[in-house]
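Next up: a single chain in structure tokens, the form predicted alone.
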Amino acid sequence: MKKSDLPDPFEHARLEKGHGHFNDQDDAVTMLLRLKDVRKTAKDWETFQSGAAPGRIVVPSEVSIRDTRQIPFEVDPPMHTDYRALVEAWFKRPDEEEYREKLAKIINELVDEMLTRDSVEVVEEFSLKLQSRALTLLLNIPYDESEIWISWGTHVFRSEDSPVDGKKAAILYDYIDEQIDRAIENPGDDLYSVLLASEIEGRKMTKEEVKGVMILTFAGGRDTVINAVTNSIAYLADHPASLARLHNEPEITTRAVEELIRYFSPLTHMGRVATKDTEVCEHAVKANTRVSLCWASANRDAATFNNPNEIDLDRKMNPHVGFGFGIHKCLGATHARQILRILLGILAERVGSIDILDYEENIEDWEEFQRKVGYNNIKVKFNAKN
């Protein structure tokens, strides 16, 4: 097995019963493992709501560390529709040429640095820096602000001792409060200012609503982008022929991004709360209990994907749910896709090979399932193309 492989721990349960179970901080969760069940449940927002207590649909639950509702992530229609319409155009900006050029400059400068070094710890020294620096473009704020976010480390809600760390979360919340107050005093063209000037239901957005959007923007794309970038680099290290193909056949890059997202599924799952007694996978679910939409399992479902445990850069039909599904599909997907497209192109152009020197896998424990989601750390050497 290659170092970059991510085994599928859900396969047996997906085939045998279609669901699994685990206890999340004394709040039981039923995991949905088949693609058809995940998609069906994600679409049924009336039965399986996102607008439960703030933090409850996140896995692990964040109920104990926040009472601010993430918007539009933790809101159901009709309000979700209004909130989403308000921010949709802003989050589509990564498709603009000027945005792509600025993002390419950020990535090229980072690769410049990495090519001079004998060893690079990818998670902290590459992926975290890339994610944070790219976020300045999404928020439209000064580049130097990224140094503050880099100093927080890879996780804003978790620590080595706890899956939910209130003290770490408070750092983010206090920071966002300060930035909102700054934007009130000195409005600009950053996301804070744009939100504060926006109207919903004929009124200006409140500070709490703006904070909800900003918490989602900071937290929702942090671990996921870091995992996607790190796993992609590990894959290219293990598969130099794929790195060469990306150089010789740049037209496959978009397809490659979708396949890497499907295979690595940077976010294992996301929850919903049942609004009534119902059933999933012929399994009874009580009202006010949680289910999780297991994107990682759904993306390996052999009923839909041929050879699901292999990365196939030529896969043409790829209805993966790596960015979620339904009305709550990831708001930052355009930004994440653009990061990966440009990163793959630059690595293919400038890097001849990548050597993995050392690594420690990041294993998530969901009781009956242990899933490798990426790496706690992985050291590599980037070798410049001759």
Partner chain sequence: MAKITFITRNGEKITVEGNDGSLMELAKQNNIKGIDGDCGGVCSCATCHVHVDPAYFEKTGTASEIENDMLELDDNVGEYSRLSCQIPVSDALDGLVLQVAN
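The shown structure was predicted, so the numbers you read here are calculated from the model rather than taken from an experiment. Numbering follows the first chain given and starts at 1.
In what follows, reference is made to the form predicted together with the partner chain, a form of this protein that is not presented.
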property: 4.5 Å heavy atom contact, N288 to the partner chain in the predicted complex; result: no
property: Contact of R56 with the partner chain in the predicted complex (heavy atom, 4.5 Å); result: no
property: Contact of K92 with the partner chain in the predicted complex (heavy atom, 4.5 Å); result: yes
property: The partner chain contact at K316 in the predicted complex, heavy atom, 4.5 Å; result: yes
property: The single option of S119, N108, T254, T81 touching the partner chain in the predicted complex, heavy atom within 4.5 Å; result: T254
property: Answer option from S242, T304, N140, T154, heavy atom within 4.5 Å of the partner chain in the predicted complex; result: T304
property: Check all three, F10, R34 and K276, heavy atom within 4.5 Å of the partner chain in the predicted complex; result: no
property: Segment that reaches the partner chain in the predicted complex - one of 317 to 325, 22 to 30, 356 to 364, 46 to 54, heavy atoms within 4.5 Å; result: 317 to 325
property: Residues within stretch 38 to 57 having a non-hydrogen atom within 4.5 Å of the partner chain in the predicted complex; result: R39, K40, K43
